[in-house]
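Here we start with a single chain on its own, the form predicted on its own, put down as structure tokens.
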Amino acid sequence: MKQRIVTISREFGSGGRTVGRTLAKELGIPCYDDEILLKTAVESGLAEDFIREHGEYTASNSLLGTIFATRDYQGRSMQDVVWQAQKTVIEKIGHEESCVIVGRCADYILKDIADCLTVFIHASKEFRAHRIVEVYGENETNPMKRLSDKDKRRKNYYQFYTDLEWGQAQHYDICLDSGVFGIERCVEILKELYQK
């Protein structure tokens, strides 16, 4: 029997990580976010900081820059090496247990491995900008610019490795606006869908 997994893709600052962690706690299943970094480091021998730097974002803000990144003799960039290592860890998790996985193209990686509820969490830029300042204490740079940069890098990463467009509703089972519904209601909706 396939494992039941919730994959959460999210815009930066939308609260997707919080939704994932809260949902997992309420369902009594593990949540993997930064935990994937540690598992990937242990299983691949790569440094955790290196994986954190290359694990969910493109090295460049442009897709073209990602395509032409420095490559080794086998044609792989450092980001490709991390992608493969993380993919292997995510596939292993998908075969072994029901859980929530935040980010890292898990929706795409697990589509044929597990029974996935694929989710995209988004919100208005104003809501997200306010949230990253209030929750994360980020105020060193313009919050709107930070949102734009992070989302662009996530979008490029997702498109580069999945050949799909990140954030497009047709690629997910459900898209939720955390600014409209609130974090708690998003969790309730997903919990109800998971238990059906």
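All residue numbers refer to positions in the sequence shown, first residue = 1. Note that the coordinates shown come from a computational prediction; the quantities given were computed from them, not determined experimentally.
Below: the form predicted in complex with a further copy of the same chain, not depicted.
> With the distance limit set at 4.5 angstroms and only heavy atoms considered, check whether D33, A41 and E97 all reach a further copy of the same chain in the predicted bound form.
No residue of the spot touches a further copy of the same chain in the predicted bound form.
> I'd like to know whether E184 contacts a further copy of the same chain in the predicted bound form, with contact meaning heavy atoms within 4.5 angstroms.
Taking the distances in the predicted bound form, the answer for E184 is no, it never comes within 4.5 Å of a further copy of the same chain.
> Should E165 be counted as a contact of a further copy of the same chain in the predicted bound form, where contact means heavy atoms within 4.5 Å?
Looking in the predicted bound form, residue contacts with a further copy of the same chain include E165, since a heavy atom lies within 4.5 Å.
> Considering non-hydrogen atoms and a 4.5 Å limit, does a further copy of the same chain approach L23 in the predicted bound form?
L23 lies outside the contact set for a further copy of the same chain.
> Within 4.5 Å, heavy atoms only: does A169 come near a further copy of the same chain in the predicted bound form?
Yes, A169 lies within 4.5 Å of a further copy of the same chain in the predicted bound form.
> Any residue of 168-195 with a heavy atom within 4.5 Å of a further copy of the same chain in the predicted bound form counts; write them all down in order.
If the 4.5 Å heavy-atom criterion is applied to a further copy of the same chain in the predicted bound form, 168-195 yields Q168, A169, Q170, Y172, D173, I174, C175, L176, D177, V180, F181, R185, E188, I189, E192, L193.
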